[in-house]
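This document starts with two versions of one protein chain, written out as structure tokens and named structure 1 and structure 2.
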Structure 1
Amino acid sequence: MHTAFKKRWLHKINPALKLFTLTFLFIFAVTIHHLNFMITFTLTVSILFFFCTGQPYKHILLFLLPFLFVFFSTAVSMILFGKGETTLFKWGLVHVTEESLYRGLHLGCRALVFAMMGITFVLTTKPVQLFYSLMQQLKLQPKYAYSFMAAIRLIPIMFEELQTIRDAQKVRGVQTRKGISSLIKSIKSLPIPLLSQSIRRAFRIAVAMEAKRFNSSKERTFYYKIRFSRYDLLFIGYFVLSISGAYIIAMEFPLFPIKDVRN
């Protein structure tokens, strides 16, 4: 993603450690059923997302827009049509209860946490460094790591080839008409040339890797050395302290008089 950004401490964290930590937090967020704790936990994740990714705020808001839509759609659906006994508002099929309100807010916060953690990881981690870290720290076999890196590298190339094919069609006089049928017809003409180009490129990459004596041997050197640093301790310490603080605040200063949204 080619956007202007400032390099923050979050970019210097070991990618494998960051992946492992965020995966653990994903699972941890699923186990949270306390609404007040979920809200404060969302705030701890949002601090990293807004202030530590190094992206301009207009880009951050742009990234967040589809996930805000997911937040409102999931929360509102649960609030308006959820089940409960304490009725707050009822009109036709719309039945808002106190229980559905709490569950809707909880579900929306959980969706927002997943989105912000995922975007934070993508914005602060380079794919090449991630796979080098997986090979060096988690002993991922090089044949799998380099296969993933080659696949990621091919994505922008495929978009360029797609644009080249469309330009070639325009040069040959292929006219695109308005309407769904013409759109489907134009899309059907793209996969075969795009697939053939991709096969040729993959074949050339395979030949180049064989020419450079690439093999699956575990004993190999790496151009990039990915190591642990003090920023990794800062990353772990941030979540330990912030989650502990979030839990204490949720218990001592609850916004809503409910402990478990499942009850």
Structure 2
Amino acid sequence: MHTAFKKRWLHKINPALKLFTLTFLFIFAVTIHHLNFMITFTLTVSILFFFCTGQPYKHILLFLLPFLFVFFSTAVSMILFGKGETTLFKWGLVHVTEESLYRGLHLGCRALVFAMMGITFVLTTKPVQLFYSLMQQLKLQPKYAYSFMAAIRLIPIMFEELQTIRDAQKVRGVQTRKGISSLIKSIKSLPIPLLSQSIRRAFRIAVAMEAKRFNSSKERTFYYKIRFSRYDLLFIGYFVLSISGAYIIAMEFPLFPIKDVRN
């Protein structure tokens, strides 16, 4: 996912620290049961997503589309089928209550926050730097890190192969007929060659790495040195300040007259 973008301060943060901070915020977000705070918390994350990834706004809006869909579909099943006392609307099995409406909105915000945190991370972190950082800061064993990096390199090759298999089937005149048995056959005809080819390729890469004396010893050198910088402090400082601000605003100027959405 590397389109034309400007490098911003978010790109300069230590990848392991960024992942760790966002994971902490993820767990923190699950403990929020207060709808107003959830909404202001969503705002603090969306500021980073909208203004700090360095992507053109056209892309940002494109990314936003599926997120809004996720927001909608997550909220709807809780709104329509959730428990609650104060009925707003009832039609057959559908039972919308005030409680389930607020809970649905809350869940939608939650899904939105996770999605925006994830995409912000992905847009501002190169996978190679992430795995180098995990090796250096979190002592991840090199054999795992290098396997991950090799697998990421193989993704475009897998897509190419998928196209080749499809073309080959077309050339050989494989026709799709209707019926369940031919559907199963067509489902089998794509992943099996793709998987077997990937296993062969992975095996060959592993043999080559071992032949070149690849090892997992702790005293190894790294091509990229990933360090910490003042941008890391800025990143943590941003969240400390913005979340405190979000909390105060949510308590002083509540949008909805509800405290805990679980009740």
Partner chain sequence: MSKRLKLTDILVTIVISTGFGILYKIWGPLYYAVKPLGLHIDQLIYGMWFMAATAAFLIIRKPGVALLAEVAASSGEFLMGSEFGLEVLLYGIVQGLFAELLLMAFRYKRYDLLAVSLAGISSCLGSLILDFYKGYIGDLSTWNLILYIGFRLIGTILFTGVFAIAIVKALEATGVTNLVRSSSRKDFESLDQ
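None of the values given here were measured: they were computed from a predicted structure. In this text, rigid core is short for the largest set of C-alphas that superpose within 1.5 Å between two forms. Residue positions are counted from 1 along structure 1's sequence.
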Shown alone, the chain in the form predicted on its own appears as structure 1
Would you say Leu68 moves its Cα by 2 Å or more between structure 1 and structure 2, aligning on the core?
no
C-alpha of Ser196 off by 2 Å or more between structure 1 and structure 2 on rigid core
yes
After a core superposition, would you say Arg103 shifts its C-alpha by at least 2 Å between structure 1 and structure 2?
no
